[in-house]
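One chain comes next, on its own, written as structure tokens: the form predicted alone.
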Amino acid sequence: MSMLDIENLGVAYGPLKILKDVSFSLEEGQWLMLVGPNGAGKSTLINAVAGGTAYTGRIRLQGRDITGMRPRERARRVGVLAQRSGVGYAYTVEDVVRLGRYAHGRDPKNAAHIHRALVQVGMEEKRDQSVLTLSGGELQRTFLAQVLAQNPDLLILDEPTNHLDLKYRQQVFELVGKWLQTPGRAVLCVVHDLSLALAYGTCAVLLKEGRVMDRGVPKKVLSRENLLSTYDMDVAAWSRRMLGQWNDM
């Protein structure tokens, strides 16, 4: 089943074209890694899918054009973790996570979804703590719990391990992998760490200057030739050199 279809997507701010005729599909059970250098248009693409910016072209969610969906319906189906999240009020951790259930109204399962999400991200013991007292990593995990509490069909993550230390980076990606095992789900994820894209992605889209350079399985998309033309450097050689420092540890 196709979860997301993007056809000839374009986004422009005045004369500046950010995305140019971007097209790809995301199927049920897939974890699509959206990769590319800074300024490639990755976050803009996610913002368009989330309904946060005007665009040309067509975006369909589970076969339906998203322009025909009410915000509440879209919020039930799509969960978005932005790269930068913040709050200016002294909500508790649980308050923030509870907002993820807003679109579900008075669903009797709300409490169970909130509790499970808090446990999944390791924030259950801090559920009554003010978010203003949290570290950057703890706040990011709180917002991840909010998205998981939504129980969406499509999970959209923009640099999900931003601000997280190594332990929680590993836990977050393992958690998303387990979340994806439930039928009827898919993940669209922006990452800068190409090793994570190779390790966890089932498919990938490589962007440069708003255009799709390649799409398909990660090992094909992230070939040495593709990365050289996209990043203007030998990414594979540099990555091997960095990893080689651990050989004698």
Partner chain sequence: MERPGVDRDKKRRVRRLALYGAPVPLVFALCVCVGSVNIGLGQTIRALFGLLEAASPDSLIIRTVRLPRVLCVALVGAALSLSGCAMQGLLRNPLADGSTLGVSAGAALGAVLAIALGRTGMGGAVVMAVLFAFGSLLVILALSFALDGSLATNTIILVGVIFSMFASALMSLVIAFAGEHVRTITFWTMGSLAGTGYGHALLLAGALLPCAGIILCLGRELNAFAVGEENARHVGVDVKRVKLLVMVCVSALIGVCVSVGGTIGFVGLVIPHMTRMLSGPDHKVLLPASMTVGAVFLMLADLTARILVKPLELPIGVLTSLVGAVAFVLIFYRSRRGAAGHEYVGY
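Predicted, not measured: the structure shown is a model, and the values here were computed from it. Residue numbers count along the first chain shown, from 1.
If you look for the form predicted in complex with its partner chain, you will not find it shown, but the lines that follow are about it.
Practice prompt. Please pick, from M213, V191, A50, I59, the one residue with any non-hydrogen atom lying within 4.5 angstroms of its partner chain in the predicted complex.
Written response: So the residue touching its partner chain in the predicted complex, by this definition, is A50.
Item to complete: Flag Q150 as yes or no: does it have a non-hydrogen atom within 4.5 angstroms of any non-hydrogen atom of its partner chain in the predicted complex?
Response: Judged by the heavy-atom cut-off of 4.5 Å, Q150 is in contact with its partner chain in the predicted complex.
Worksheet item: Using 4.5 Å between non-hydrogen atoms, is Q129 touching its partner chain in the predicted complex?
Response: No, Q129 sits far enough from its partner chain in the predicted complex that none of its heavy atoms falls within 4.5 Å.
Worksheet entry | Partner contact for W179 in the predicted complex: its partner chain, 4.5 angstroms, heavy atom | Judged by the heavy-atom cut-off of 4.5 Å, W179 is well away from its partner chain in the predicted complex.
Worksheet item: Any chance Q83 has a heavy atom within 4.5 Å of its partner chain in the predicted complex?
Response: Although its partner chain is absent here, Q83 would touch it in the predicted complex, with heavy atoms inside 4.5 Å.
Item to complete: Go through 208-229 residue by residue and record those having a heavy atom within 4.5 Å of its partner chain in the predicted complex; state none if no residue qualifies.
Response: Nothing in this stretch is in contact.
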